[in-house]
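Next up, structure tokens for two forms of one chain, structure 1 and then structure 2.
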Structure 1
Amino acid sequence: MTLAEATADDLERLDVSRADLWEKNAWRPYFAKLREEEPVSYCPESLFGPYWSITRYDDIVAVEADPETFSSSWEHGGIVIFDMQDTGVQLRMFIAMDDPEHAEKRKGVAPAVAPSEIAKLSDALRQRTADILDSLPVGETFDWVHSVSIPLTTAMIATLFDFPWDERHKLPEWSDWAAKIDIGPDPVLNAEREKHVFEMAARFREIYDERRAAPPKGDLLSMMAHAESFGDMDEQRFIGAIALLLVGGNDTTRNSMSGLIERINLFPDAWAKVKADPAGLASGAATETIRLQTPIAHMRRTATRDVELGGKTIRKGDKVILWYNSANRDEAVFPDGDRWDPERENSRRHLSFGYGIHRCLGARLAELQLSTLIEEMAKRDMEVKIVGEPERLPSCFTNGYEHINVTMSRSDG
């Protein structure tokens, strides 16, 4: 049976969480089929147990806009497709909480990414970006992920935390392991994950206690340490808070920076337009990249009551997966949705940052990092060509890359 021949019953059983679909970059036609024919569908069997797939834009917005019916709380399973309650790392992060605790903790760190604070970071960000781009080898093959995306995002997250600079290399490794939710069902790999996450927590706890004993400063850890809503967190809440800020500030922007390279290879004419007018198009190119990459492919909610959605009855306790990667290609909202169009008027409506009360706090900072990279690449008239096939993560959560080998040319004038 081909996908085109799939019946409604086949689509109801379709498991789009399979790692191979993501590793092989083969997921798009499956989600297109679901959007068209079964936008609210139930998968009874998967590595992560049964779940509902929500694939259209308007349905996802409706779920996000009703947090009382569709809970984010770790107490009901959390925000990812894998149930975290029975593991040593339960990720009791504030994005995996319902109000009022969610709102209280969110308010405690929000000032760190306020527009005034982001503005203070822009000059140093631009200089770091310029230095890295100028250091890249011309005409030689190198890995964009490890030469550009990881160094830039690691430097930013170290700055936000005021993390010891000579230890910043630990941050991407900890972030990667914290985000590996797909390995949860494997006891061996999950034990390895927990080892790295507890190491992360121990080092951050040392710094957190130091900041708490010192006068308040403007970094994220100091804000947390002096915020009444954080205070004496239990171990799981502390791990969750750090993991959320680390993964949110690192993996997501990193994979958008890497996804940019795929976009400019697939749409060279659009890239030529951006280079000709970076002041006018860099921002649109950044939001289009974030839309199409959708670095966090899904979030999960749990139904707190029986509810009708899209003509289907979702039962209390059911796992509801919001596929942002699919919504961001919904033709009803984004015509020709797979096309990278820096001039697209509504690209900022994408759901890569979520919607409603849980919308990403660092959205503007992520956009700044990506638009700065695009502006600096355009300034150098850079052409970056992919060599071979990118190596992708086998993950239905972190939609990203292990490696992208490229060659590059630039103007040094």
Structure 2
Amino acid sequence: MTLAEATADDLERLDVSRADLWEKNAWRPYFAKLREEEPVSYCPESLFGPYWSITRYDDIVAVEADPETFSSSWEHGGIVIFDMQDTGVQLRMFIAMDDPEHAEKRKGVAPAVAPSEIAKLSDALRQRTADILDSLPVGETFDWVHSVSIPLTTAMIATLFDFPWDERHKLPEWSDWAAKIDIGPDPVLNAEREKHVFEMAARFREIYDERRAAPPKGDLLSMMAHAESFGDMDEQRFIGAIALLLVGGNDTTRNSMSGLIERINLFPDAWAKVKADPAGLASGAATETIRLQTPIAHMRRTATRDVELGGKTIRKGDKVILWYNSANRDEAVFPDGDRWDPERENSRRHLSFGYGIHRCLGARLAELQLSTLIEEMAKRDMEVKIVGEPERLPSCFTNGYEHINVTMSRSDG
């Protein structure tokens, strides 16, 4: 059966969570079909059990605007397609809590990532970006993911936490282990994960206690240490809050930086325009990259009551998957949605950062880091050409890359 021949019944069964669709970058036509014909569809069988797919922009906004009906709580399984209770060490992150506890914890972190605070990091972010770009080899093949996206994201997060610079290599390692929530019951892997998570917690606890004893300053840990709502947090919640900030910023920002390279290769004319006017277009180019990459392809909610959506009845306890990658290409909102257009007027409406009470707290930081990267690349008149095929992650959650081999030219003027 080809996709064009699929009947409504076939579409009902379509399992868009299949890893191969993501690894082969083959998901677009499936979501286009669902958006057009079955925007609220039920998949009765998958590796993760049955789930609802929500693929249109307006329906996702409606779900996120009603957090009482559509819960994020880890108690119902959490915020990703695989159930959070299934794994070993539990990280109580406020992204996987409902109000009022979520709101209270969010309030403790939010001031530290407010636009005015993030603006203070801009000089340090620019310097670290410039250092990395200037260290890249001209005319040789190298992996953009490992030479730029990973070190630059690590530098950004270390700057945010004011984490000891010579220990920064531990941040992506801890974050990768904390994020492995789909390893299932394997005791060896779970023990390994626990070891890394506890090491992370112990080191952050030390620094947190130092910052708590010192006068408040502008970094995230100091602000958390001096915020009332974090003062009496139990250990599990402390680990959860740190892990959330690490994991939340890590793969997402990394994969946006990698996604940028794919976009400038696919749309060289648009890249030429950005290079000619970085002051006017870098910010739009960053937003468009985040829209099209959609580094977190989905968030999940669980229905707390029977509810109607798009003419279907979602039952209490059902898993509801919000496909941001699809909403970001919804023709009703983004015409010619697969095109990378730094001049697109409404590109900021994308849902890559979610919507409503859980909307991403790191959005401003991620945008600033990405537009700084674009400005610094433009300043150096950089041309980055992909060699071969990018190697993608086999995941319907982290939408990103393992490797992108490239060659690069740069003006040294």
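The shown structure was predicted, so the numbers you read here are calculated from the model rather than taken from an experiment. Residue 1 is the first residue of structure 1, and the numbers go on in sequence order from there. By rigid core we mean the largest C-alpha set that fits within 1.5 Å across both forms.
The first of the two standalone chains is derived from the form predicted on its own.
A rigid-body turn of 14° separates the smaller part from the larger between structure 1 and structure 2.
Superposed on the core, the two forms differ at F161, whose C-alpha moves 2.7 Å between structure 1 and structure 2.
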